[in-house]
Structures are given as structure tokens and as C-alpha cells.
Ligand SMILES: Nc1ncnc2c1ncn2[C@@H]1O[C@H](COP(=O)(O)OP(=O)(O)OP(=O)(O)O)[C@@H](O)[C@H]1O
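Okay, so here's just one chain, in C-alpha cells, the form predicted on its own.
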Amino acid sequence: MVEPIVRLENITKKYGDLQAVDNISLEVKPGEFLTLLGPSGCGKTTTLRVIAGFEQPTTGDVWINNSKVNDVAPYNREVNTVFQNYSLFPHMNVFDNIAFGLKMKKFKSQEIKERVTNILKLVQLEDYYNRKPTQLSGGQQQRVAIARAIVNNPKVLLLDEPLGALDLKLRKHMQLELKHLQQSLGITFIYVTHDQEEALTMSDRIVVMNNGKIEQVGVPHEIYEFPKTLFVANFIGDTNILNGVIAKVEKDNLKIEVGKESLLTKNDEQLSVGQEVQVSIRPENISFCQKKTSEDSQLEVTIKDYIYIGSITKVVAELADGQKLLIKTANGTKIEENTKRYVTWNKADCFIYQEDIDQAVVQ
């Protein structure tokens, strides 16, 4: 079994009465791209800063490369950090920005030149070595910041929302570039973001955080397709959350009353008749049908809005009790507002939760 390159054991971080990180434990594999994902204030950046050594944990231990580093200064840890604002030296050119750390460590001039030249080629900036940061685009500045961090050959690269200052098109382009760079280097990346699509696009594994705790850890497919908590289901991508009451418990099915209608779902929880639950179903897993049949789940809805966004169409529908459904479909014939339709889905595509809805819904 491969030893983790980073291990957090029961990490808690408090700032006075505020508990930013609440007793989390996590192992990071060598060479993986791990993303800490969650809304603002969930504890992801604090966790990154604890790994870097910029913050001391209130309780718990940090291990890097099999050594406990609680008392090790940031500059002596085998990690480097890339921040959102890049922190480049404006008076230095690209070459000197990248070489700065090597000079501080008293590397010989020839080795500095070789290593910086190789890194410039890797990030495709060899023709920009003599430019100042102000003469570079946002994407180029981001690559310089990464180059400066990896030229020291860290065991782990920590990245705190490094694409946050870029426009949407450049951000998407840099997501792919960054992932390819990580794969070519083989360095462990621990990446912080609040952008769900970014996390799904780039990560080998995702750690979803909320209120200082870890809600779920898994590969992108697991996180999206099999959310373990209502928070994860709601935070990752779009989902519908319907409030219902257990009406009948069978061996393989649950019958749930939703408003004036009922639906069947798979029975994978220890639930009993009368319990209030939330049903989560992804918009793309819902389809329309013209009439009532014997399908597992069918609800009558009224079409309220029709939103064309190019590759797909979003339809907003309303149940008889006023609950809303978002449905994503391939583009086709427009359904007129106030039209009655039936919607259906496979019972395996919905998930049942018993949680505080206020804690699960991200504002």
C-alpha cells in the first residue's frame, strides 16, 4: 500500500469562538490532484494554510512525507503555495521571479539558469523571460506563479483559487493546462476552489467541505452521481429537492407522498411510515411523458418557464402543491407555459435524505 504524501489527523482550527476546521482527517496520495471544494467560509483555505504551515492547528497533527511537521516552519516544509493574486514581484522580470527562491537557497548560477530555462519551456513562456509581470496577460502571470512554485521541486503544490481572477473563457482553458501540467510533473496538487465545475473537470478526487467538516470524499463521478448528504447533492451541480412523507415501506421500494401525489424510490434507508424526507433528483434524469402510465415515479406538473441556453433547454415546472422542478432536456419543441405534463425518472436516480434543509441549501 502506497503511503500518503500528506496526512491530516483530527485537525481542528479555532479563531476565538469561531471553529474554522472541525476535527477533520484526510490522506492525500502521491501524485494525485486533490481538490478541497466548498462555499466561502467552509474551512478549505484554512485547511490549506495548516498544511502549508501558515496556520498552526489548534489540535491535531500534520504529516508530510511521513514526517510530522506541526513545528516545522513553512519554508522548511516540502510544499509550495500558489495564491489567487499570484504575488509576483513587479520590479523583476519573469526569469528573476521564477529564480528568486533558488537564489535565496544559494543555488549556483548555472543550475539556476538550467532549472529556470527548463521550467519556462514547460509552462510555454520561454519567449517571455525578460518581460515584467505588468506586460503579461492574466493567464501568463498565473503560469509564472506556478513556475516559481514548482522550480523548487516541492513534494506538494498547494493552490488557493489560482484561477479566480481570470475571465470565464481563459479560466476554462487554464483548467486543462493546469491539469496537463500536473500530470506531466507528477507532483501532488492540493487545490482549493468553490467552483464545482472546476473541481469536477480537474480533480482525481474531491473533498467536499461544509461548516469546517468533510461531507464526502470521492472521485468526481462518485461525488456527482452518488452524493452521500443533502448538502453534497445540492452543492454539486443542479438538483431538485422535493419535500415528502414516507407513505409505505416495502422490501425494495419506498412510497413517498409529495404534495397530492406519490412516487416510488429504492429502499436503501432505515425509514418508517410518517417520516419527513427530502428527495433529490438531477434535472437531466427527468423526462416528460404524455400520459400517466405504470412507471416507478410519475408526477403531474405545470410548465412555468422555458429557458433556451444553446446545447440544452431548461424547463421550470410546478407541482400541485407549489414545489418547483428544474428539468434539463435536449433542444426540441417548446412546451408552452401553463401546459400540463407528466414527468418521470428511474427510481435508482433519486436519493432520499433526512437532514436539516437549511443546513444543506447553499445561499
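The first residue of the sequence shown is number 1, and the count goes up from there. From a predicted model like this one, the values you see are computed outputs, not experimental measurements.
Same protein, other form: the form predicted together with the ligand, not shown, and the subject of what follows.
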Even though the ligand is not shown here, does E161 get within 4.5 Å of it in the predicted bound form, heavy atoms only? yes
Even though the ligand is not shown here, does R77 get within 4.5 Å of it in the predicted bound form, heavy atoms only? no
T45 within 4.5 Å of the ligand in the predicted bound form, heavy atoms: yes
I'd like to check something about R282: if you look in the predicted bound form, is any of its heavy atoms closer than or equal to 4.5 Å to a heavy atom of the ligand? no
Choose from 32-40, 317-325, 303-311, 57-65 the stretch whose residues reach within 4.5 Å of the ligand in the predicted bound form, heavy atoms counted. 32-40
Y129, R131 and L170 each touching the ligand in the predicted bound form (heavy atom, 4.5 Å): no
Find the only residue in V343, A20, I11, C350 having a heavy atom within 4.5 Å of the ligand in the predicted bound form. A20
